[in-house]
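Taken one at a time, structure 1 and structure 2 that follow are two forms of one protein chain, written as structure tokens.
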Structure 1
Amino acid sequence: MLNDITIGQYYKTDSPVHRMDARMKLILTVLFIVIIFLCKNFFSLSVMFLLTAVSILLSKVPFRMFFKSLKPIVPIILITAVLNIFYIKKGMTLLSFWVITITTGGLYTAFFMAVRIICLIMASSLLTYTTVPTLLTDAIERLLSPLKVFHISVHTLAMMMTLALRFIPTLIEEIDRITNAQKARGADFESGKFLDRVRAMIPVLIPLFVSAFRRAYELSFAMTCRCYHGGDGRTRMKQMKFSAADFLALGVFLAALAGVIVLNYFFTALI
């Protein structure tokens, strides 16, 4: 029933993007989001579009994967595009009918926004497609570690995230097992009104929660037995190291940032 959900959606292959340091990928993704919001016209936007395209090609992740991640966002893209077309009245009027006026400015903005959202989604998908979830939480932990100054336990948060990710497949398996067991007792999940179906989930949800708590206790015992006591003084099995490729990528992104600023300056702003 739930087997087709991909969690963490890591796409296993070997590529320069996969080999990059997770911290750098995270930094670059954030940088990418900042730059794409700085873009003011099509010239600067095309720089970012190009950057997205090149990164995707380098990652060796098939294009259909990106289409898959775009699919749930399509309604949002369409709604923003439609709103922009109808509300922005700039430039030449193309069509005027009753209360509807469509202008060139509206069309441009709609297109601009659509491309921007698509690039955003692609870039963030690229991060999750090329980085294993555990490495990602590891990277978050290290990048946020300066927050220790404010007495925020970054390690605990990262550990919680890692554990949560780790247990998603386990819980899905558990749901399957419990569902089968209740079906064997004649539970009916497929028919009835909406409320009946929600009620039919109770025999699955209660055992699921019970077993989730049981697992949590067992896990905490197991961790305590191995002397886990939080992040203080804990060393790592895998050391993260920036390579030359990481700095090269950073250079490219900074160059893109400079390019966007220059292009914004020389060409008129669209938005």
Structure 2
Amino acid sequence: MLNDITIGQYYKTDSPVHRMDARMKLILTVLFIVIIFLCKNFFSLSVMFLLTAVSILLSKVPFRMFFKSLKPIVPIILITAVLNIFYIKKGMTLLSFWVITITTGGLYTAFFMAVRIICLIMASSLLTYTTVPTLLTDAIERLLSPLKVFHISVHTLAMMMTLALRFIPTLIEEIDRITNAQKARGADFESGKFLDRVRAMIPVLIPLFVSAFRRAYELSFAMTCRCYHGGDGRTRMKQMKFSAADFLALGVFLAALAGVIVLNYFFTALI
């Protein structure tokens, strides 16, 4: 399961999405999240699902990468679907047994929420798959630059966010390595009661924390040796520039927003 977590990984290839400005990709990701939560029926949600599929095809990132990012979220999707099926009482009753009542409205909402979560995970994964961490740091810093008026260290904030995202795959590999080492010594993580399995994770967590602190110290030492002192007076080798393709993508997303609003207005009664 840990090997299926692909958050923070970058997939190197040449595609229109990879060549887009990192700032625009961040803006479009936030806009996508806003639009997806505005969807109120399957007609509007299908627009966002189609937009997600087209974006994935343009990115040239294999679908298996997105399926791997979805696998850890499957339990959350299933729990959300089950809760909606049993607690939504709208629509025609399909099954009624004891305290369990399943209606068409519950099934509709469960499927609707599942598709919405899948679109959100895929869109978020697309951002990290197609953006180098250094460019993502610069993009976050540029977009948050107005906060400097309030004396907020935007560069430090952006660096912290990007480093946390960058080290997720590294920590996952570390967990897998420590777990395999403990299994080779006879540790059992799969049998026994729940509390026994929780206690069995202690020999994994302690080395993990030690390794994480060691990596943090090594990183800070390396940054100090390179005379890193924050964003003051820092210059950039690559300058960010918006291209015509960036504004074209923004126009497509704004058109999708308008389409969702129109479809919500005309088809709300179908919910």
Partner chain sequence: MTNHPILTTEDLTYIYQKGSKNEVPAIQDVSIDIMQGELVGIIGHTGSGKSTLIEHFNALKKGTSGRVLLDGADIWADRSKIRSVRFHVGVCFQYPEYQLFEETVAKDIAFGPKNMGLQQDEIDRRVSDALSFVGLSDAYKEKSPFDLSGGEKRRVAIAGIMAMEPQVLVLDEPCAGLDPRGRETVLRMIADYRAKTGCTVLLVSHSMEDVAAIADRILVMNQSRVAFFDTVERVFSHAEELQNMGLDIPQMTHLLLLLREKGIDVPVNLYTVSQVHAMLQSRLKGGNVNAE
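All residue numbers here follow the sequence of structure 1, with the first residue given the number 1. Throughout, rigid core stands for the largest set of C-alpha atoms superposing within 1.5 Å between the two forms. Quick caveat: nothing in here was measured; it's all calculated off a predicted structure.
Here the chain appears twice, and structure 2 is the form predicted alone. Residue displacement note: A158 has its CA displaced by at least 2 Å between structure 1 and structure 2 (rigid core superposed). Once both forms are fitted on their core, the CA shift for V82 between structure 1 and structure 2 remains under 2 Å.
Relative to the superposed core, T170 undergoes a Cα shift of 2 Å or more between structure 1 and structure 2. Per-residue C-alpha deviation between structure 1 and structure 2, core superposed: L205, 9.5 Å.
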